[in-house]
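Shown here is one chain on its own, the form predicted on its own, set out as structure tokens.
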Amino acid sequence: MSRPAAAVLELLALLAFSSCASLPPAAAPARESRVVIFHFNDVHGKIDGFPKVAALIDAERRQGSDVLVLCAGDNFTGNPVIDQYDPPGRPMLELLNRLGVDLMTLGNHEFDVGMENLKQFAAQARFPLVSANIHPQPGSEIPNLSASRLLTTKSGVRIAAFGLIQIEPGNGLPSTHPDRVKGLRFSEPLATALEMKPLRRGADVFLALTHIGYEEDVKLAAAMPELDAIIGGHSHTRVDPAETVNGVLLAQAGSDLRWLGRVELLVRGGRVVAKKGGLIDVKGLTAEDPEVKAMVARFNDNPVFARVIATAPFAIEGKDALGALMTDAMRAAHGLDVAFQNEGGIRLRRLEPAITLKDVYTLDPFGNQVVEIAMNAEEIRALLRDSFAKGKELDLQVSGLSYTIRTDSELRILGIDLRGPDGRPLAEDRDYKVGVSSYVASSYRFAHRDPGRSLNATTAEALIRYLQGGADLSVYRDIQRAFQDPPGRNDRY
């Protein structure tokens, strides 16, 4: 029997008496109940808004409403205060526990802290985790994780909820380093969701808590009208007000805890008779919870991250400039001929002139190792073809050469021109020492003879060495080394 099917049978057997551990024992179902669901997603370590969020949620609880707090994943990666903590992610665990989260689905960046740290997080969380399309192999089980859960509110409303995580179409894995999800198998999210339909029976409310992105949530709503609502994440979409697709309410709260989602359900006679949702601007809130405020201040109080390690003559901004800086650092630190950085690994839009250690770890938070691969010009083109195919747009920033991808009107690649730093065509008859992050080495599919070797240093460490070594930062204004002909999307930053 498949894990989702077994989970459904188990849940149906327990519907009469299951309840969420974070909620009080169920009372007899009221004839009419108002359920308020607060939700957030893709916080990425941005914790400064939690004192206001906690105060708002606690105020709603004091009014006597049925209140649930749901988290749609990606709590890590984006703030060194969280990512560089020992153990990584611990501040987020303490804050989510204090907030009284009732249910969380795993996002792809939950795995960035490594499997052992994630298991520790899950074991110490005072709330359950759900994801129906994560299938641990024996010995790789994640504590407190199941396909679905039944939550019972204090007024007796029974809420069945299942979780989903996104996977990449190329490798069938979430968007994290493949080594960090070893021992896990992932099934296709939408197909897996359809196996959850029996949860509708015996529940007053049927929810999906997803980390698959807004467009996939729309597809899920179209395929599964049995759902009352989908609380989503991953695409950082600001859905305000919440939308209705095929009778299903779709909600997502942007990212970085700039907004808090609020969904309200009116339940009567065992079904949802009215629903609405919208976003609350966290910055506009005034009340703060003093205990949570003290926790955040304690976590932020790390003077090491405030140390200025380099000063630029101007702010370095845009992925072309930041990518050039990061790849130049890889080349300089390791004596490489060429270096590449995928744009998804560039997590800031702008470096202020006074560059701190915190800035570096915010710009490059993943802890990826530098991998050296011997490649000739045609193998470099193979890497660029695969990178362009992922989104039909430029993806790799570069040092040591410049390149132009020529396409037709359908964005099919006609050719790739490579030029050395002197502007001349790159020599075709030699191998180059090419540096990439361990994420690119593991996740991109391109033909190359040399399997590569880790240089046992992270890309962030290379950047720190480059900046502290007195690099000339005046060159990173209006710099560009990757081109598309004819030009593609013009929203690059």
Partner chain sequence: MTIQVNNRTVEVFSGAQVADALRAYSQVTWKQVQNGGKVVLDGAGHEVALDGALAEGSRLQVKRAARRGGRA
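Positions refer to the first chain, counted from 1. Keep in mind the model is a prediction, meaning the values are calculated, not measured. Each form is matched to the other, and the largest set of C-alpha atoms that superpose within 1.5 Å is called the rigid core.
The form predicted in complex with its partner chain is left out here; the points below concern that form.
Although the partner is absent from this view, residue 441 contacts its partner chain in the predicted complex, with a non-hydrogen atom inside 4.5 angstroms. Taking the partner from the other structure, its partner chain in the predicted complex has no heavy atom within 4.5 Å of any heavy atom of residue 332. Although the partner is absent here, residue 237 is a contact residue: one of its heavy atoms lies within 4.5 angstroms of its partner chain in the predicted complex. Among residues of the shown chain, residue 337 is not one whose heavy atoms approach its partner chain to within 4.5 Å in the predicted complex.
Contact with its partner chain in the predicted complex, judged as any non-hydrogen atom within 4.5 angstroms, is confined among 47-55, 33-41, 64-72, 453-461 to 453-461.
Note on contacts: among 379, 317, 243, 288, the single residue with a heavy atom within 4.5 Å of its partner chain in the predicted complex is 243. Only one of the listed residues (255, 146, 187, 176) places a non-hydrogen atom within 4.5 angstroms of its partner chain in the predicted complex, and that residue is 255. Every member of the trio 214, 371 and 445 reaches its partner chain in the predicted complex with some non-hydrogen atom inside 4.5 Å. A displacement of 2 angstroms or greater separates the C-alpha positions of residue 372 between the shown form and the other one, with the rigid core held in common. In the core-superposed comparison between the shown form and the other one, residue 58 has its Cα shifted by less than 2 Å. Cα of residue 453 to Cα of residue 176: at least 3 Å shorter in the predicted complex than in the shown structure. Between residue 373 and residue 176, the C-alpha separation shrinks by 3 Å or more in the predicted complex, relative to the conformation displayed.
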